[in-house]
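There is one chain below, alone, in structure tokens, taken in the form predicted alone.
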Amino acid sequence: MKKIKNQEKEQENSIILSITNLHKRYNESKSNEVHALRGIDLTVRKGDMMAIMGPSGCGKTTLLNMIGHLDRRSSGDIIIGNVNTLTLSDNQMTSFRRDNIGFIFQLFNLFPFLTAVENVETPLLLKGMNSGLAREQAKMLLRELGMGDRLYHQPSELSGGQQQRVAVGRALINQPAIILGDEPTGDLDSTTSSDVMALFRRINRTNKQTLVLVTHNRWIAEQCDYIVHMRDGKISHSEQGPFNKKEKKQ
């Protein structure tokens, strides 16, 4: 029994994301090259909630895009789980990203001609889930996000905060191992922001899903286990989140 418990503990503390010497340069062949990331080293354990903070232009969103493979790195290694993503073809990476990474974009990126529930169920349908089951799961999650009366509204019929909640639902529906959020509560009022962060923590603790959130909001960052600070394309320092310290005392 002790051995089983130790194995479970080791699994919980396993590394889910490992980044080594990551660089990103734009306009590499021109004289006005921009060196956006300058040798990032970062390790995230399974089940962590991590916030990335820093001034505008420091490389936060670029780093998030590299983790999610929405853009190509210039050099460096990114290992997710046990997979070195450099070894994957474009098609393999597309499937890997779909099954393992959820995204919450600052500008929502919803399909404009689909309803809220259709936007949220899309990742499940792409995985081949039965349409009826996918619809029910999408409805359930949207109700949990306070969108039960907006299931069949298109994005143009929703407020910015409502669109963001739909975007959150779409990222969560697949139960991905890693959820990446670029200002995930940026367009939400304080009450809805609190609700979304509470949902994040419940998912994080219950399902051991890992969240990496870019934010300018110190309160949001303090809901996370760790806060990584960036400046000029580098990680300047990191700290344990006050929320995590409080949990460990209990």
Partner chain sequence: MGIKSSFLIAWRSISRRKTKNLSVILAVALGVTLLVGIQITTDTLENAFLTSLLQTEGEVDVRISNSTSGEYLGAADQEIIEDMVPDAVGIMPELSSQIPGLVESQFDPNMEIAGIQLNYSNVFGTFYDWKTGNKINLDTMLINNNTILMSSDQAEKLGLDSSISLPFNITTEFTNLTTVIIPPPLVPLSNWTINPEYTDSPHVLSSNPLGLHVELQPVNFTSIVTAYTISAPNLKLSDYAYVNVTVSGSNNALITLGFFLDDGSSFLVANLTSPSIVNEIPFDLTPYSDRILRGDVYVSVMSSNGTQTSVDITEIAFETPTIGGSSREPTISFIPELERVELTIVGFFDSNRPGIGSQYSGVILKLEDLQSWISLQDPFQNTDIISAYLVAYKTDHFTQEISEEFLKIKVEEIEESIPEETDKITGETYKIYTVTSPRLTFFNIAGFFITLLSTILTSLGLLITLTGLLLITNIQLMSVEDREFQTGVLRAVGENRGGIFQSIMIENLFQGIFGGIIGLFGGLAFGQAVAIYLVSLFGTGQQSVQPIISQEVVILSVVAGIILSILTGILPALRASRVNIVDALRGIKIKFESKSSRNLFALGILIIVLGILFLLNNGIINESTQVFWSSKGWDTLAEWRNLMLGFGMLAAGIGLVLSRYINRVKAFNITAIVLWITPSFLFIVAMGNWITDIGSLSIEILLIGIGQIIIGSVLFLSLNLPIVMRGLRKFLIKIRGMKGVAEISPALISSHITRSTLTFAIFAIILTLNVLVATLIPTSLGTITQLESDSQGVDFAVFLNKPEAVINGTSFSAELYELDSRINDVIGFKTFNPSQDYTKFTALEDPSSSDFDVTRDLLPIGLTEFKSIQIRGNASDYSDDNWRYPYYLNSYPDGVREEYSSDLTDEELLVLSKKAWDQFFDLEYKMSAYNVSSGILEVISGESDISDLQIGSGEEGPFATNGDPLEGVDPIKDAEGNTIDNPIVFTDSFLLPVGMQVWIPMNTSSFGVPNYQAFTIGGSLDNQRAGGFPLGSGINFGGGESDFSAALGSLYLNEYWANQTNFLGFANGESPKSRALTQYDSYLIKSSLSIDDPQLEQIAQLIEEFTNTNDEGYRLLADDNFYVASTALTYARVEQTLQLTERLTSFLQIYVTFGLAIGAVGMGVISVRNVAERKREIGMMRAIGFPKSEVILSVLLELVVLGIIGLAIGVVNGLIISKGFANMQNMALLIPWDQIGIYLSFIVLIAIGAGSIPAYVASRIPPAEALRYVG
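Owing to the predicted nature of the structure, the values given are computational and were not obtained by experimental measurement. Numbering follows the first chain given and starts at 1.
Omitted from view is the form predicted in complex with the partner chain, to which the following refers.
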Can you pick the one in L151, I79, M129, L88 that has a heavy atom within 4.5 Å of the partner chain in the model of the complex? M129
Does S75 make contact with the partner chain in the model of the complex, using a 4.5 Å heavy atom cut-off? no
Against the partner chain in the model of the complex, would L107 count as a contact residue? Criterion: heavy atoms within 4.5 Å. yes
Is W219 a contact residue for the partner chain in the model of the complex, using a 4.5 Å heavy atom cut-off? no
Taking the partner chain as it sits in the model of the complex, is D71 near enough to touch it, meaning that at least one heavy atom pair lies within 4.5 angstroms? yes
Quick one: in the model of the complex, does every one of R98, T122 and R135 get a heavy atom within 4.5 Å of the partner chain? yes
Neighbours of the partner chain in the model of the complex among 99-118 [non-hydrogen atom within 4.5 angstroms]: F103, F105, L107, N109, L110, F111, P112, F113, L114, E118
